[in-house]
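Shown next as structure tokens: one chain only, the form predicted on its own.
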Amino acid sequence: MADWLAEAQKRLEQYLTQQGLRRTQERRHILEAIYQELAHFDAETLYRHLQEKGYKISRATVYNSLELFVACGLVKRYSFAGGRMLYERSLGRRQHDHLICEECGEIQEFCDPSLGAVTEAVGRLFSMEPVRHELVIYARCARPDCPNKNKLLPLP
């Protein structure tokens, strides 16, 4: 993963230069946390994670940095049901989809090659060429002993 962090830092530097934006220590710490320590996260989780590590980074800086990272392609943002915004790093990731438990919030990633054929077929049906797809399946945890049950409000 360190190689992807180095590539992410390089891309961020290029983007900041192109946009005439400052290079800051805070952005570097946030990017490191995303590429070295977190999988799927929301802005508040990232903020708390950075605070626990002892970084004095404001909530606004976290939110603004996430927007910047999305704009330059380093982070992918997902808008899930119920208005939940989750993020994950973009570099070094294969195409994948998500299965999300509506009760406990657990996220499972999966990759099913047959979805590529479905995507192509739908594109042909509507005379379009698919560029990418995102699939999110909402489910309910079937494990009666799930340690995360009732920690989240159910999604609509």
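Sequential numbering from 1, following the sequence displayed. Everything numeric here is computed off the predicted structure, so don't read it as measured data.
Below, we turn to the form predicted in complex with the DNA, even though it does not appear here.
Using a 4.5 angstroms threshold between heavy atoms, Arg27 counts as touching the DNA in the predicted complex.
Not displayed here, the DNA is kept clear of Ala71 by more than 4.5 Å at the level of heavy atoms in the predicted complex. When the DNA is considered in the predicted complex, Ala60 lines it closely, a heavy atom lying within 4.5 Å. Although the partner is absent here, Ala139 is not a contact residue: none of its heavy atoms lies within 4.5 angstroms of the DNA in the predicted complex. Looking at 127-135, 95-103, 113-121, 49-57, the stretch with residues near the DNA in the predicted complex, meaning non-hydrogen atoms within 4.5 angstroms, turns out to be 49-57. The putative spot formed by Ala8, Gln14 and Ala33 is not touched by the DNA in the predicted complex; no residue has a non-hydrogen atom within 4.5 angstroms of it. Between the DNA and the residues Ala43, Leu38, Leu91, Ile107, the one pair within 4.5 Å by heavy atoms in the predicted complex involves Ala43.
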